[in-house]
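Here we start with a single chain on its own, the form predicted alone, put down as structure tokens.
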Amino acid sequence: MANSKYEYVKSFEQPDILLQNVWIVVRIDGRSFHKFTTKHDYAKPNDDRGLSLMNRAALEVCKEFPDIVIAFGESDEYSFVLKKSCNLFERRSSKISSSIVSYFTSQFVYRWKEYFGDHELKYPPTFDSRCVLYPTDENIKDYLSWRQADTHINNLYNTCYWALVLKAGKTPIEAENELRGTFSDGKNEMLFSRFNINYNNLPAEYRKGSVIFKKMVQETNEENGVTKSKKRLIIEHVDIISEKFWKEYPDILGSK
């Protein structure tokens, strides 16, 4: 109904164009995921099926939206970094945010059986999202460092908490009280002395989260045996807080 008398209602829409030449981060978080993971019998403190499904959904998002240069995930959250020159949806915040979170959620549901088999999806999960802008390369590296540091802090606490509940027979309240006021060294000592767990030997994915980015890999053609180097999206569980990662992959942020 172009040019109808009702078209005036379009004027109520508010512009939400994001600032030019800055990094765009779309961070998604699971809504009420404590309830969701309990209802679906997730292993504690980390469920490999759930983490793999999160990673797969995020990988598909990165394939669908090539403006994403790097993504970082932990637990029930993922952060997608879009390049400064991104002009996706003319940089409209609501369209970018809603498109990425809806595609992630649809992939999560669509691929549930690949990772959970016959374990029924009892109700659909929901994720919220937001766009946040970071003006400098240093800012975006600090943002990702913050999320990875948060991964370690949360996982160390959860590893201790569930060891107390599942192995020491503590109630949730007793476990919380015992951990209140403790620091990292105390938690590490508790795990080692009481439960024979060396935290540093736990899978890197639990401690460092997951990083998705393009990396040069060697691929061999099965027909002719010729090996070529190609850039492919990969998932790794590496330290992105130190400068070593950024020096090894300077092209992620467009540095030479």
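Nothing here was measured: the structure is a model prediction, and the numbers come from that model. Counting begins at 1, following the sequence as shown.
The form predicted together with another copy of the chain exists for this protein as well; it is not shown, and the discussion that follows is about that form.
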| query | finding |
| --- | --- |
| Candidate stretches 125-133, 155-163, 174-182, 75-83, one within 4.5 Å of another copy of the chain in the model of the complex by heavy atom | 125-133 |
| Distance check, Y42 to another copy of the chain in the model of the complex, heavy atom within 4.5 Å | no |
| Non-hydrogen atom contact D118 with another copy of the chain in the model of the complex at 4.5 angstroms | no |
| Partner proximity in the model of the complex: E138 to another copy of the chain, non-hydrogen atom cutoff 4.5 Å | yes |
| is_contact(Y206, another copy of the chain) in the model of the complex, heavy atom dist at most 4.5 Å | no |
| Partner contacts for 93-117, taking another copy of the chain in the model of the complex and a 4.5 Å heavy atom cut-off | S94, K95, S98, S99, V101, S102, Y103, T105, S106, Q107, V109, Y110 |
